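To begin, one chain is listed below as structure tokens, in the form predicted alone.
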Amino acid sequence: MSETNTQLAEALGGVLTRASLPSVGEGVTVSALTRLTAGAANETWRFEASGSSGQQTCILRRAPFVAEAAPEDSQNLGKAGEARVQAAARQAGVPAAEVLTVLTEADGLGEGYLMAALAGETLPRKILRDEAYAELRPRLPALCGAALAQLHQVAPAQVPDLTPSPAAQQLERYETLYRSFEQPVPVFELAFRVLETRCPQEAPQGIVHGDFRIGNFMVGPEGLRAILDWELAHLGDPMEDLGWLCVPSWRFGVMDQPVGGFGQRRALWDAYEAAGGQLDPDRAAFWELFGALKWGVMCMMMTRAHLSGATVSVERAAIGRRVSETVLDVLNYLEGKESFS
């Protein structure tokens, strides 16, 4: 029998009663339970929790009961591990929502955790084009650089269950995935060979967010309010986060602003160094090219998931059609049309 909203609300009340949050107190009731549309791979619910001490707006982030096929490094943390990374980042001063409690098996709700709700904007179209964020956009690269520097200085020992994912391992994994489709793309073939020659063999290890890009952070007119979606966090080269933020697909059409469609790399890099990050532009460039190629392979994976019937989804089919865009992006890198000066 499928879970109803009433059943979910009752179960969440029990979770919060167990957690004994000072802001809510005892006798917890849950109201205004609404599933949000954000996020394709996880369930996100917003609700009000009321008790003897007051009321708090909360977010439930929960893994789906049926996992989709994904690359090996996807979902390696589990929701409890994701919550630990988010909490450690927040403690270090990184903008992130407060983790309230992690679901247990006894809660009967699967894997997930509760966090305090924050107000703000996440939609790239609004951040990049709305007048409300016009003054923020020039400052956003520096804010992102500072936040990433803070994250990369968190001691990995604070989240001991993170999986190492160095560059060579990722390159091999995505080439294996690409070849499993048996659909050769000449530009991708060349990119894999080029990346092999440029692959960093020795790089510092740090906590990497793994999906830091516009759409995965929340802003207000005054600045960066929270980094979201920590499910792909791992141990790796910190330059991976700087490169992924600049992948052309995350510029949403504003191609002359390589940092997420809102700024230049130099502003990002300068702020990263000023906040204590150890910058290596060559490694950042490697990760940017790899990121463009990786997203192309992931688009191919979306196509395969839809056509095979594993995940029949208009969204997956639409994303799959973007392979051609990533081919052009990768070709521009290979031809030197992306300037890293």
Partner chain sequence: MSGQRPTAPELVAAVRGFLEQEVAGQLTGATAFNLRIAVNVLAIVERELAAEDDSATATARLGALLGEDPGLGREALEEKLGAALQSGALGLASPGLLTHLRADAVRQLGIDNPRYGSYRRENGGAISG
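Keep in mind that what you see is a predicted model, and the values were worked out from it rather than measured. Positions refer to the first chain, counted from 1.
One more form of this protein, predicted together with the partner chain, exists but is not displayed; see below.
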(message) Residues Arg129, Arg193 and Ser249 are flagged as a possible site; in the predicted complex, is every one of them within 4.5 Å of the partner chain by some non-hydrogen atom?
(response) yes
(request) Identify which of Arg225, Arg137, Arg198, Arg90 has a heavy atom within 4.5 Å of the partner chain in the predicted complex; exactly one of them does. (result) Arg198
(message) Just to confirm, with a 4.5 Å cut-off on non-hydrogen atoms, which of Gly253, Pro156, Gly108, Pro221 contacts the partner chain in the predicted complex?
(response) Gly253
(request) Determine whether any heavy atom of Leu235 comes within 4.5 Å of a heavy atom of the partner chain in the predicted complex, and answer yes or no. (result) no
(message) Using a 4.5 angstroms cut-off on non-hydrogen atoms, would Glu3 count as touching the partner chain in the predicted complex?
(response) no
(message) Taking any heavy atom pair closer than or equal to 4.5 Å as contact, tell me whether Arg266 reaches the partner chain in the predicted complex.
(response) no
(message) Contact with the partner chain in the predicted complex for Ala19, defined as at least one heavy atom pair within 4.5 Å: yes or no?
(response) no
(message) Partner absent here, but in the predicted complex, which of 253-261, 147-155, 235-243, 111-119 has residues with a heavy atom within 4.5 Å of the partner chain?
(response) 253-261
